[in-house]
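Starting off, we have a lone chain in the form predicted on its own, written out as structure tokens.
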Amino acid sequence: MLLVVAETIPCRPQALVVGAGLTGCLAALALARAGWLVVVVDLLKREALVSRQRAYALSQSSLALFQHLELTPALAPHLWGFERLTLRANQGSAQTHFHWNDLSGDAPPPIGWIAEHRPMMSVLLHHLEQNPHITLQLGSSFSPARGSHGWQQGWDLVVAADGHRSLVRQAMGVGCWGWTYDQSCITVHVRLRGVDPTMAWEVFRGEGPLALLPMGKGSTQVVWSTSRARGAALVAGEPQVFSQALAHALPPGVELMTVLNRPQAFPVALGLAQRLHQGNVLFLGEAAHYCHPLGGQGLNLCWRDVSHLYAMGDKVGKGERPVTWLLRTYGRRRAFDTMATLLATDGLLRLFANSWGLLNPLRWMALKLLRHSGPLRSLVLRPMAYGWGPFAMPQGFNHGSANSGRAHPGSDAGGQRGAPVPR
């Protein structure tokens, strides 16, 4: 049975958040901070939610959200900052480097952060459990039935944050536009030789992109895109065969030393919900859109959704706007950033991550222009950091908010030399 929050404060709007993943947790914390009473339900238990083996590349927009939710002190020890990003195309070995100076002339490093799923998920669940305005129900039997609307009643807002296979979206009869790629993303934690701990890599290979994300203490998270068939065979095969294949895929000068955990493979697709709300139900994060994890853009796009939910939910919580305004306006505010991010990731994938020899001159020219033009690098990097368009982040989440008070490279921030983290 789904418990309902007691109306101890009748004036507070009430929300049901379906899904206790990273995006769902942040959405619940945002609404509670905006003055809502929140119930969070998930079919999975705590151990299953925490144990996911992933690492993520976080942008300035995500750090701005952490700061507004006052999560930075708790999350900072689990973030590893990088001040450079190398973009490389294996065909012809052309490459370019993005530096923190390309982001903003007066912004200190880093330009991004790497975070491991487990500690970040644990911190967020702890904050949910400690918040008196949030009721957390893990391992819940909640299951919305298609055509039945009883489960929606009694809530001012239902937030569907239950992933790209959203049961809530399916129950509401809302479909998705999109397609699947013949690719899987293999994630694995390794030790490498020949990598700079303050630099992340995005290598465009013929079979798909390969990301190297520095995790500190000499370790690196690899996100390796390959065909679905090859990905399944590599993950299921002998560890020695996997290690040899990965060593061959690494860029020149980078050597594989040790594989630290068992690799996992995830299918890759692009999708956009046909509607971002239906009735009092709002589709958030991957329940609304999903894309190739190129450059970590998918997760950061989800968290920009949360930033807008927070800003708009705050107006509702203060009684300045009705919930119907939030539902009606949210989709318009998120449309441009969402569409631009999906198109950009798909376009980069089709341009760079393939073996079409006819595109080699175009790839070479694009990387050469980026290498020799600081303004062009800034033009490319800023949407990756802050989102697309002037309204990608809500008013008050200014571009400089994530940079204030941050340690610089070379300091022993968080006990890790060369790993600047926000304070």
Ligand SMILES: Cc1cc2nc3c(=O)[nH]c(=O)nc-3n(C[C@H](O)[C@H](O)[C@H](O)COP(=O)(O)OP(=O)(O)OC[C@H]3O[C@@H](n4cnc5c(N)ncnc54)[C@H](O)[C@@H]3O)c2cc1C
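Predicted model only: the values in this text are computed from it and were never measured. One-based numbering along the sequence shown.
The protein also exists as the form predicted in complex with the named molecule; that form is not presented, and the subsequent description refers to it.
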In the predicted complex, the residue from M120, C176, L299, L349 with a non-hydrogen atom within 4.5 Å of the named molecule is L299
Going by heavy atom distances of 4.5 angstroms or less, which of F397, Y56, W388, F66 would be at the interface with the named molecule in the predicted complex? Y56
So in the predicted complex, does any heavy atom of G317 sit within 4.5 Å of the named molecule? no
With a cut-off of 4.5 Å between heavy atoms, is Y330 one of the residues that contacts the named molecule in the predicted complex? no
Closest heavy atom of L49 to the named molecule in the predicted complex, within 4.5 Å or not? yes
Is the gap between V159 and the named molecule in the predicted complex 4.5 Å or less for some heavy atom pair? no
I need the one stretch from 94 to 102, 250 to 258, 161 to 169, 235 to 243 whose residues put non-hydrogen atoms within 4.5 angstroms of the named molecule in the predicted complex. 161 to 169
Who in 203 to 221 is close to the named molecule in the predicted complex, meaning a heavy atom within 4.5 Å? L213
